[in-house]
Ligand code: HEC
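First comes one chain, alone, set out as structure tokens in the form predicted on its own.
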Amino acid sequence: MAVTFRLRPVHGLALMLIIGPLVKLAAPYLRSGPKPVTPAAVAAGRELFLREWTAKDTLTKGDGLGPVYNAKSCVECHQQGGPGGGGPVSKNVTVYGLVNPHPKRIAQSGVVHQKAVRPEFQETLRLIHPSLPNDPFIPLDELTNRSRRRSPDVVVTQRNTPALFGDGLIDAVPDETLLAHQREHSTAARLVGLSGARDGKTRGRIARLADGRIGRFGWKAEFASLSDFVKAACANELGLSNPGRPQATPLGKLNYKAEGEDLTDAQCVLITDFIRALPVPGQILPGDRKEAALVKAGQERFAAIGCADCHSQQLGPVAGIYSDMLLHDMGVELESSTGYYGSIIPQPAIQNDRFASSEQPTPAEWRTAPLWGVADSGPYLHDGRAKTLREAIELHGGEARDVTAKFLAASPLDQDAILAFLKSLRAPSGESVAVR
């Protein structure tokens, strides 16, 4: 005998009161595919992305650009291969980290901005530590020169501008896909010596943030969503405060008071929608049959020597990304401060609250950079120290050192084939925007 249960209206209301808040709490963790955006939203977001902001800008509700900043527009840095691309070394961001608290209570980690709306706001590295120059940056070749003596109390590094093409798809990748990749790497490490096992030194792990979400954007995967990344970039690079992201206070003027919030949440959403709708990079094969065959052979060798263990061609529903989006140890030569906006040097008494206490990236850990569009996104690595793809491969250490050794031991023809394959991974052509 079938039994039918009926909910009275009061029961339905009670159920909604219980489920509603739970759904709201779970919403940030759920990803059900790329968010659809309208042509009107993309157009409006593009205007904001290309806009050259000014102090007291009429489109802001606060003090506008600055008071300290690195660029006047998003596209000033994100422009290689079209709006949304990567940037040259000249647009690198200078990041510092202090081991001990600063006597003037300057934050123990952060960004030294290159520009200011007024001379008295201009930041310099000497404001951070007396051993540093009275300039806002140190040339990259000096920073990467390990023979130069440095104070043990401070670390200064740089971050290169990442390309944003395809970030809308990355934002929609289910968390379970990233967790599955982590499990796959762990399994491979345990199966060393068995037939078909991959490099056992390649492990990889997700970046678990303090709020429980999984990081996927930023060189250290310190942002869980594209929206978080955009808001942080607006606040730190342009000095445009927004909901949840205050603008940077000048290092030499810690008593500076912002005049309200610059960007509204709606404006940040429009910028995010523009980036979400950017075209996805793809592979472009040469027209010459011999060159095309070389590319195909290079793709096979790329997988055979182990590059594809981390630079996975497929990430769940996303094809052609060539990344597992996990953190990997890249070796001593590529050590740096532990993060981007607000990261610090790991010490027992110091924690980066962006990450869960047990999940903080080490100085040598970096998110596997997606290789789609890599031919048009040089320079390479987190600070752009590699001018060519060959240099980038040769500088891979840590978990990747055995793969690097296999590349160096390969025949010149195989090496050229792998490089030809990488050079076929191109940024979207022109400035067209595909609406999904």
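Heads up: residue numbers just count along the shown sequence, starting at 1. It should be emphasised that the depicted structure is a prediction, and the values quoted were computed from it without experimental measurement.
As for the form predicted in complex with the ligand, it is not shown, yet the points below apply to it.
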4.5 Å heavy atom contact, residue 224 and the ligand in the model of the complex: no
4.5 Å heavy atom contact, residue 247 and the ligand in the model of the complex: no
Interface membership of residue 422, the ligand in the model of the complex, 4.5 Å heavy atom rule: yes
Contact of residue 73 with the ligand in the model of the complex (heavy atom, 4.5 Å): yes
Option from 249-257, 118-126, 157-165, 131-139 whose residues, in the model of the complex, bring a heavy atom within 4.5 Å of the ligand: 157-165
Residue among 410, 37, 393, 44 with a heavy atom within 4.5 Å of the ligand in the model of the complex: 393
Of 169, 178, 233, 112, the one that lies within 4.5 Å of the ligand in the model of the complex (heavy atoms): 233
Contact set, 291-322 vs the ligand in the model of the complex - heavy atom within 4.5 angstroms: 302, 305, 306, 307, 310, 311
